[in-house]
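Here's a solo chain for you in structure tokens, the form predicted on its own.
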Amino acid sequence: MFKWFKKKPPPDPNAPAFWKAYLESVAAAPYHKKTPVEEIGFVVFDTETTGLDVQEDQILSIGAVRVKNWQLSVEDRLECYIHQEYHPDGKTVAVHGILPGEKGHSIAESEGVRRFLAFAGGDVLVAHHAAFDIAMLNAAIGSAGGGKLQNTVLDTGVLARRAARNPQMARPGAFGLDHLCDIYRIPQSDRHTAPGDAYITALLLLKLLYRLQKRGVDTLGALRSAPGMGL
């Protein structure tokens, strides 16, 4: 997981309006170490990309849903497809099913990240194996004239590992999303789409939060530093 307290850079007077608005949202977020889990707004998200190279690949779609007070709000969600000019790799298309130019309602990448930042605001971001998604978003935000994401970020893969019995003994792939869905009996509908994976990850987050809270992990600070514990 990422450090949730960090020294904020001074505001850039020449930054674009969308970035200034985002930074204001982050600064106004009411979260601190003792914030109860039920008072935290979680934005659970996923990106689908042309590949796994942060330097070379591009975002094809972004999906996000909101979780708060132990509830997943299906109505409060983000789904956008990014128009990219790229030569599809058969393997990646087989995973996410997105062909270049297929989505008639696709938008520019800069508009996609603007929508994501407006949706996320200062809430806590959650993704599975979050580092890659964060890196891809940071690259796209940078191209649009902004900086790096400032939100607190949680990784459901890390939470699952911390909640597992003897995680050091786990088999390879034990904390992958597919395997965790099997363990926690989460239906894998719309798997490998950004909206579908965001929804699945949100369900996983709720199950992990419930199990961790039963063992005293009931604040943002505790959630970020919870020791390994058996379920």
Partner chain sequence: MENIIPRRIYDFLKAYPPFSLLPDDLLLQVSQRVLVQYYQPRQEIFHQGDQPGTHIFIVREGAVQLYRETEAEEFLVEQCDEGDVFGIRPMLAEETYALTARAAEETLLYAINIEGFREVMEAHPQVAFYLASNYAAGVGQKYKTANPSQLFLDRSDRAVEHFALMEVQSLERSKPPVTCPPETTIQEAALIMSAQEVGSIIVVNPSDHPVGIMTDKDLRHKVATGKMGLGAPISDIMSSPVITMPSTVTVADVQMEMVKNRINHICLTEDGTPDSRVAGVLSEHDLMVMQGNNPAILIREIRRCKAVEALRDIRDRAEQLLKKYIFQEVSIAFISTVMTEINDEIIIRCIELAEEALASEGQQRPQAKYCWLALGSEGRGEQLLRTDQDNALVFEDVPEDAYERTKAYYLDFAGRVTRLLNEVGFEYCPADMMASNPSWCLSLSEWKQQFSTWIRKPEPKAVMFCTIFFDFRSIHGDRSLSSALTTHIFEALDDQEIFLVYLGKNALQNPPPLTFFRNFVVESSGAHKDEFDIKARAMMPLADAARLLVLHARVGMINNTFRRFERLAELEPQNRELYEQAADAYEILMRYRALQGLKKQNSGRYFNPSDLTKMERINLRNCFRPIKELQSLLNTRFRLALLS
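Here the structure is a predicted model, which means the values were calculated and not measured. Positions refer to the first chain, counted from 1.
Omitted from view is the form predicted in complex with the partner chain, to which the following refers.
Participant: Can you say which of 67-75, 133-141, 120-128, 147-155 gets within 4.5 Å of the partner chain in the predicted bound form, counting heavy atoms only?
Facilitator: One stretch meets the cut-off, namely 67-75.
Participant: Each of Pro16, Trp19 and Thr49 near the partner chain in the predicted bound form, meaning some heavy atom within 4.5 Å?
Facilitator: Answer is no for this spot.
Participant: Report yes if any heavy atom of Pro187 sits within 4.5 Å of a heavy atom of the partner chain in the predicted bound form; otherwise report no.
Facilitator: Looking in the predicted bound form, residue contacts with the partner chain include Pro187, since a heavy atom lies within 4.5 Å.
Participant: So, in the predicted bound form, is Glu79 in contact with the partner chain at a 4.5 angstroms heavy atom limit?
Facilitator: Heavy-atom contact with the partner chain at 4.5 Å: present for Glu79.
Participant: Since only the chain is shown here, I'm wondering whether Phe42 would be in contact with the partner chain in the predicted bound form (any heavy atom pair within 4.5 Å).
Facilitator: No, Phe42 sits far enough from the partner chain in the predicted bound form that none of its heavy atoms falls within 4.5 Å.
Participant: Within a 4.5 Å heavy atom cut-off, is Ile200 in contact with the partner chain in the predicted bound form?
Facilitator: Output for Ile200 is yes: heavy atoms within 4.5 Å of the partner chain.
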